[in-house]
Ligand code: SAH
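In structure tokens, the next block holds one chain alone, the form predicted alone.
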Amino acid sequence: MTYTCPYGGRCGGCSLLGVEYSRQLEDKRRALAALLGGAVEPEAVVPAENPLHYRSRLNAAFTLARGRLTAGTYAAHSHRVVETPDCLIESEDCLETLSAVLAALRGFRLRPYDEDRGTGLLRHIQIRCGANTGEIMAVLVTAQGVLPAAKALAAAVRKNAPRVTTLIHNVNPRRTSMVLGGESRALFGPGYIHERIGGLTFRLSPGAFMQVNPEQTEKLYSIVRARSALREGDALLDAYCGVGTIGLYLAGDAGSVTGVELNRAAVRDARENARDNGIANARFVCADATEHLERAAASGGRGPDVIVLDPPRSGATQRFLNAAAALRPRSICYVSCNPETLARDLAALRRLGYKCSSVTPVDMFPMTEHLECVAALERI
């Protein structure tokens, strides 16, 4: 089965839409195997049961089209905004919410931000949907701190998009490609939503990281549980932990869990998530993961039995890998969203005394070239 996108010639986001899905999976596995260079043969890619409308988070840039306020995605390798109201990979809830919020905003004559001139107000809109809770968060990102007629605007969004459970105003005055700025306030609702994964409920504030494909996330976490091979009483270190999803998912298999995350808002969410789920053996530290591991290695105390890491696309730093190996965990479970940096870091860990026993790819992003992987390593 192949699919045709009405925006394929203009958007460029879903480069594999015209490729049979089974072929996509095999092509991704072959590309991963080539990157790994024979060090370990990757398993078959775990497929998605629903390869369309899987994205539970939508980011769109505001623009004017035919004199009307609208929003869309950036075309590949550009900042040209393309409207994609019938996108095949965004969730239908996200698309419906975007349309409803845009209709509400059009009554307020707010100008989109012009990044070349540095003028205008509305930069981005982010929509996050709790696929398993029904909660929806809409975030309006502006270039200045004042949102004119904020109360009236919030009332209009409530009326036009009644499924939105919280509306947030985020301020990003910097000339940057980052969507969100550091200042947020709720215009209505609690300022966060919840998602359920594997029987646990997770709180998500603006900017907090969670995988965007809820169905595949549960598969991914179950693979992490199997590959981490936790034993009763083990000390688990969850590095780059975000809102604590992986560490809390594994907490029942471990004696203790320590999550490390630099994003302060994510750490607050992680602590709330532990309390909300009644998990008492997990603690979360706001710190740079590399520096935290280096301090732990220098202290000479007992290190973790198992390390799980889920770093950004740039992968782990060499300093992180050196410190992780110095702590001598029995096993390391590496969750990667970038096979290229995964291959680089697996080679570095091999030199540091860790052998990769398996790499399990998971198709978190059907119709695109991206691939998530779980690599299991054991101390030699």
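Sequential numbering from 1, following the sequence displayed. What you see is a predicted model, and the numbers here were worked out from it, not measured in a lab.
We do not show the form predicted in complex with S-adenosyl-L-homocysteine (SAH), though everything after this point is about it.
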Q) Looking at Y113, Y240, Y192, Y249, which has any heavy atom no more than 4.5 Å from S-adenosyl-L-homocysteine (SAH) in the predicted complex? A) Y240
Q: Would you mind picking the one in F209, Y74, F108, F188 that has a heavy atom within 4.5 Å of S-adenosyl-L-homocysteine (SAH) in the predicted complex?
A: F209
**Q.** Contact test in the predicted complex: A287 vs S-adenosyl-L-homocysteine (SAH), heavy atoms, 4.5 Å
**A.** yes
Q) Taking the shortest heavy atom distance, is E261 within 4.5 Å of S-adenosyl-L-homocysteine (SAH) in the predicted complex? A) yes
Q | Any non-hydrogen atom of E90 within 4.5 angstroms of S-adenosyl-L-homocysteine (SAH) in the predicted complex | A | no
Q. Taking heavy atoms and a 4.5 Å cut-off, does P311 contact S-adenosyl-L-homocysteine (SAH) in the predicted complex?
A. yes
Q) Out of the stretches listed (74-82, 262-270, 149-157, 118-126), which one is close to S-adenosyl-L-homocysteine (SAH) in the predicted complex, meaning heavy atoms within 4.5 Å? A) 262-270
Q: Would you mind checking 5-24 for residues with a heavy atom within 4.5 Å of S-adenosyl-L-homocysteine (SAH) in the predicted complex?
A: none
